[in-house]
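Listed next as structure tokens is one chain, alone, in the form predicted on its own.
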Amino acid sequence: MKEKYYPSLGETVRSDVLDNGLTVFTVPREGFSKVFAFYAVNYGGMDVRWKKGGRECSSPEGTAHFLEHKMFDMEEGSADLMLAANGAQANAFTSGDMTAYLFECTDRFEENLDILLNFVNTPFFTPQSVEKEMGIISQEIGMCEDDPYWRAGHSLVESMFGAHALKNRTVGTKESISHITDRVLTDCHSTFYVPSNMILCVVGDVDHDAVTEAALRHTPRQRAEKAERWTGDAGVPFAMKETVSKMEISRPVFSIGFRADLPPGEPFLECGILGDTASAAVLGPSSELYGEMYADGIINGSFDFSFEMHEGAAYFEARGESDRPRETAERILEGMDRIKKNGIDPSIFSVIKKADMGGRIKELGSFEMTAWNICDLAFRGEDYLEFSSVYKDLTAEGAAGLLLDSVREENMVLSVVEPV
């Protein structure tokens, strides 16, 4: 067992890498009655193509999400109901590059951990249960497609990353999931749900050795070969610079994206923090540009922004409701012209940097977000809790440089959903 203390955060993390490749983290929270377990797979909606044993393979779009739904089925019943009977609140999610199964409880933690490890590592699929689930997931796909923000955001990504795996819908399409069978699910489980491609993280007042022993009981002894991910090329020309669709809504919804061409091999944590603080500096509520656009009625309280990073792909996004989405895009480009001339005010950037770091420290109070962030960065070979040291080296000049390299008209895509 390794133990690492982070003095600036007052946090300790214990870790082990088992012989089969599974990584186990525990984050002690002494005196807390609640315990949170997070079992993650380095596999998500982006992973529809891969290579294993020299052979190229593929699966229908939406398979990772479908598999997440079906993993709760066990021969002896529903794992969800078993956990609930033990007083645990269970959940699961699939993102573009991760699938995770989780629960929190205040009692019978060891029993609940055994259930979690058992059902995630023991696939049980039948043609009848897969067929039944297809209807449920079709409804979920319909709900996504009826959301104007989801539609604007997905059209943006499709146009910006047409040759990259990021364009794949995590939920899939009604047509793509019709090709998912129990055999497809079994094959994908045996490919990706291998210990060397998974992490178990537990946050709470628990014994690290007991968690490790439970993991050893429920995972294969032998180390299995990991699949080689296919991500595609994020640098090809855009499919479209502007997309427009129609929906029964009262006001246009827009998503404006700027592709960030980051050098290969850049540290994920460092780039993510730089992108977050840079976007806040130019688009945040305290920025000059935000105040001007709001005062002119171009944007309203729905306006939001983010910096998104995935393997081999990154972009800035601004979204919201506006009767003048194209003018919003023009004003953002004008704001970048000012940064090009004047840079970012170091005093303002210092405030943004402190606020961003404060938000991450506050987030450590969430057991779920602590486990999620630790696993997400560990899959990328990085240590999330080193984030405090990253902020020390952040500068306004570095943020301005990232913005000027990325927020340009030739890197922009505009996606609009208009009222019918």
Partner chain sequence: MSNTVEVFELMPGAQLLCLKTDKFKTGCMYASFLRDMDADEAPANALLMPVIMRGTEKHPDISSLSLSMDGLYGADFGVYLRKKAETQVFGIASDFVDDRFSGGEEILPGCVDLMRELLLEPAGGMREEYFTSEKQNLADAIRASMNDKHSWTVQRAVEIMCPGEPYSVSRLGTPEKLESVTIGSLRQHRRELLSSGRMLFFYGGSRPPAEVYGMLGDSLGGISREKEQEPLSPIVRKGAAEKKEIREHMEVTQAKLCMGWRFRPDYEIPYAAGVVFSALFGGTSTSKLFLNVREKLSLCYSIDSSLDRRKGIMLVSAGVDAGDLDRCTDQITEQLAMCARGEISQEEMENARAYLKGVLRASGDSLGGLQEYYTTRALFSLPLTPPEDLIGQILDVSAEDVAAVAAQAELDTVYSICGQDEEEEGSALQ
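Model, not experiment: these values are computed from the prediction. Numbering follows the first chain given and starts at 1.
Quick note: we don't show the form predicted in complex with its partner chain, though the next part is all about it.
**Student:** Look at the stretches 329-337, 290-298, 254-262, 130-138 and give the one with heavy atoms within 4.5 Å of its partner chain in the predicted bound form.
**Tutor:** Stretch with heavy atoms near the partner: 290-298.
**Student:** Should residue 31 be classed as touching its partner chain in the predicted bound form when contacts are defined as heavy atoms within 4.5 Å?
**Tutor:** Heavy-atom contact with its partner chain at 4.5 Å: present for residue 31.
**Student:** Hey, in the predicted bound form, is residue 53 touching its partner chain, heavy atoms inside 4.5 Å?
**Tutor:** No, residue 53 is distant from the partner.
**Student:** Although the partner isn't part of this model, could you tell me whether residue 190 comes within 4.5 Å of its partner chain in the predicted bound form, counting any heavy atom of the residue?
**Tutor:** Contact with its partner chain, no.
**Student:** Give a yes or no for residue 342: in the predicted bound form, does one of its heavy atoms lie within 4.5 Å of a heavy atom belonging to its partner chain?
**Tutor:** Judged by the heavy-atom cut-off of 4.5 Å, residue 342 is well away from its partner chain in the predicted bound form.
**Student:** Checking a candidate spot here: are 8, 106 and 357 all in contact with its partner chain in the predicted bound form (at least one heavy atom each within 4.5 Å)?
**Tutor:** Result yes, every residue of the spot touches its partner chain.
**Student:** Let me know the one among 74, 348, 309, 92 whose heavy atoms come within 4.5 Å of its partner chain in the predicted bound form, would you?
**Tutor:** When its partner chain is considered in the predicted bound form, the option within 4.5 Å is 348.
**Student:** I need to confirm a contact call. Of 178, 286, 245, 78, which residue comes within 4.5 Å of its partner chain in the predicted bound form, counting heavy atoms only?
**Tutor:** The option sitting close enough to the partner is 286.
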